[in-house]
Structure formats: C-alpha cells, structure tokens
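Okay, here we've got a single chain as structure tokens, the form predicted on its own, with questions on binding and movement later.
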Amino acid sequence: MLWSIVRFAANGWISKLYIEPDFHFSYLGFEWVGPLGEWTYLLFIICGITSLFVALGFKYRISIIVFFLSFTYIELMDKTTYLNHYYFISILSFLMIFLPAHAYYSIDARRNKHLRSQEIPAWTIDSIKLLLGIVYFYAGLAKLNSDWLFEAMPLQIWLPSKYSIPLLGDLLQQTWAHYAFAWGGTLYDLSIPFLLLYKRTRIFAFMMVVIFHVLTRVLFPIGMFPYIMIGSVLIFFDAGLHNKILAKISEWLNISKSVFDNGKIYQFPKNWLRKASVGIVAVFFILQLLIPFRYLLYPGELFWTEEGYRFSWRVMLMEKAGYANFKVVNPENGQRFYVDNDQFLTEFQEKQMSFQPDFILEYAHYLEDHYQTQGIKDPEIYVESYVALNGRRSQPYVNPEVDLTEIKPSLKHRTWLLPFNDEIKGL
C-alpha cells in the first residue's frame, strides 16, 4: 500500500481526481466526505506513512487505525474511482485493527518484551483466510450468469483489443479463447480458496494464483490488486515458510530473529478486549457474507439497475456505455435548454455518470442547486439517456418524463429507470 500511494501521487492522480474537479460524486450517507483542497496531499502522506508503520509494526495499533481511516476517507471522497480492490483494502485494514499483527518480528515487539509472542490465536490468522476466501468465492458466484458463461461477455469485447500483446495477441482474437477465459476464471475463483486450504494442493494453488494475477495484470490495467492478492495468499501457508522468509530477511538486514523466538503465546491485555475483538470480527463477517446478496431485495436486472452491485465482489462482469443529455426547464416561463456536461464534469466523471443511475440522479440534483443560484427558482431536470450493456444495442435508460429533482437519493427501488429489454440469467 505504501507503493500504491507513492504510485498514485507520482502519476498526478491526487490533483487530477480530487483537487481539479469542481464536483465530486458521493456515497449515500457520506455526502459530508470530500476532498480537502491542497490538504488532500497531507491526507495521502499520512496514509502512506501509516502504511509503512504497519508494515514495520511500529506503533501498530494507532498506525492501522489511522491507515484505515485515511484510506477509507480517500475512497469515500469520490465514488467515481470505486474499485473492488479499494473496498478490499478498507475492510482488510478494519479487520486488522483487532488482530495482533505486531506480536512477532516487529519494532513494537522488539521494544516491548511483554508484547513479544511467538504464537498467536489461530482465529486471528483464520479471519484473514476467510476474508480472502469470501473475495474469491463470491467473485466466482457472481460469474455464474448467462452473459459471462454462455456469451463470454464482456470478454468478447475486451480481449480482442489486446492484439498488440506479444505471444497472446493472436490467441485473444479467437472466440474459443474468450470462452476459455470465462469458464477458467469462474472455476478458478470458486475453487482457489479450498485448494489453498488443503495442504496437498497448496503449492499448486499458489502457482495458479501467480499465473492468474500476472495474466490479469497483463490484460487489464487494474493497478496493484494482482500483487496485493499474490502477497496476501501467502497467509495460507504454515509458519514454516514464513519463518524461512523472515530468516532470510534477517540475514540480509543483520537482524537477530532469535530475539522473537521466546515460545510465548500471545494474550490480549484484557479479557474484555479479547471478547470485544472476537465479537466485532464475528459481526464483521456476518455482514460480509450478507451484503453481497442485498441485490435480492430489488426487482429487475442487477446489471441494469445496479441496485446492490457495489461491494459484492462482482469483478469485471459488465461493459456499459452510456449517453446522458440533461434538459433544464424553468417552470415559471417554460424556458428550456440543454446542459453542456463538460462545464461541470471531467471526462472520466462524465463517462461514469452516463450509465450509473445513482450518478445520474446525484448530478441532476447538483444541476438543480447550480441553476437555482443562476436565478431559476425551482428548475426541473430531465434526462434523455441511452445505455448499452455487454454488447447489446443501446436502449433508453431513464424515463425522460420524470423530473429528477423530485426524486431523493435513497435505497428505494429505482422506478424512474426504464425496464431492461433482455434477461441475464444467473446469480
């Protein structure tokens, strides 16, 4: 995560995504979270420093709390940048607040002999294994749909564009290869947690993890996520491998590893603290198991309405492209005109807004506020929009007769969307 923060800053994305735009799309209930102007740079610096402190085990408990808060704040500043692996980092760092990850081979353990422990409770390790298993298995369940398995969509759109990749370019033009990637990816996600848990298949599974994530890194620009997952699954290996790694690091850095090998079993400082930690982690996992299925509470096609789509490990399952033309009507005199979205949104924001209903609604309310300041007392906002999903022809998306200013952002079903004229079967 330290490297990720440095990379983010080096590419100029802090300014481009958070400081330069005049408007930012917010998450429901977190409208109060937003960029801090030039202070946003300080927020990233704090996040980067605490990620290093966590890695070193220095002031661990404070560092992991500050990292969780700063990183999550960054991700809440603008949902235009939402990615599943950012969400993964947020919930993983929250989980780590309650784990004794600094009890061995850390600066804290080196300085505090009472903290120093060679063994920790098994549930603290198993909780991270469970979280990784949920990510993979739920991603596999999400792939059990007709578009992915029987149409190889959206892979049939994405893969042919990678023709310039050495060795793979020609292969990626073949339809059978698209289906092979679709079915192979599904089987991988559904089986890899169990293969990692079983000792006899663990090395084979890790090799598959490396191949899978290196391949996805070559094919798709998804940042640090492949490296994060490759590193994370090492937790499935027993302590012998980790001790060998730490012994080699100790040799390189001239650190005495034997200082930490005291045979002590970690104990939480207070019994109530142990119980509270176990309780919070239990509730955390109940939510993680249930949240991805909240889409079942809504009618309609999930990929179309996107009600319950985020935070459910639906990774790279759809290709949507949209067009949204907003019309402002002054009810006092009937005057009407169309909005130039370029005046208010960046190119990236406009692209994301054009096919995501909650973005469209939030933008409509922003336009309402803007034109109220321009002298229109109660502007009405309508949108003419079309969306294409997974290679289908574009079709009307939002009901053009609905004044979006009359609809408040909420978790209610989006009746103002027009129905999807097809069916995607599956989970």
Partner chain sequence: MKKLTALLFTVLIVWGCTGNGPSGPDPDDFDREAILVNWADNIIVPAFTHFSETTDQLHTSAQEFASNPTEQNLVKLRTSWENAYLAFQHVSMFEMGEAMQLRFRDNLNIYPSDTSNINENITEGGYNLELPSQNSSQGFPALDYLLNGLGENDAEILASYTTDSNAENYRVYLTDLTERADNLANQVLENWTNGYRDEFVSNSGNGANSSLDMMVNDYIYYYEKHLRAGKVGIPAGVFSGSPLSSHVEAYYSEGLSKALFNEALTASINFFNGTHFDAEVNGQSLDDYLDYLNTMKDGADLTMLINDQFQTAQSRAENLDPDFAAQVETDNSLMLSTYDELQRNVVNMKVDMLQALSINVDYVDADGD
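Source: prediction; values computed, not measured. Numbering follows the first chain given and starts at 1.
Here the subject shifts to the form predicted in complex with the partner chain, a form of this protein not shown in this document.
- Just one listed stretch, out of 138-146, 290-298, 274-282, 96-104, contacts the partner chain in the predicted complex at the 4.5 Å heavy atom level, and that stretch is 96-104.
- The three marked residues, 59, 112 and 368, fail to reach the partner chain in the predicted complex, with no heavy atom of any inside 4.5 Å.
- This chain appears without its partner; in the predicted complex, the one residue of 197, 321, 211, 286 with a heavy atom within 4.5 Å of the partner chain is 321.
- Shown without its partner, this chain lists 180, 259, 157, 207 as candidates; in the predicted complex, only 157 has a non-hydrogen atom within 4.5 angstroms of the partner chain.
- Although the partner is absent here, residue 223 lies within 4.5 Å of the partner chain in the predicted complex, judged by heavy atoms.
- The closest non-hydrogen atom of residue 390 lies within 4.5 Å of the partner chain in the predicted complex.
- The partner chain is not shown here, but in the predicted complex it comes within 4.5 Å of a heavy atom of residue 164.
- Put simply, residue 153 is close to the partner chain in the predicted complex: some heavy atom of it is within 4.5 Å.
- In sequence order, 335, 336, 337, 338, 339, 340, 342, 347, 348 are the residues of 334-348 having a heavy atom within 4.5 Å of the partner chain in the predicted complex; the partner itself is omitted from this view.
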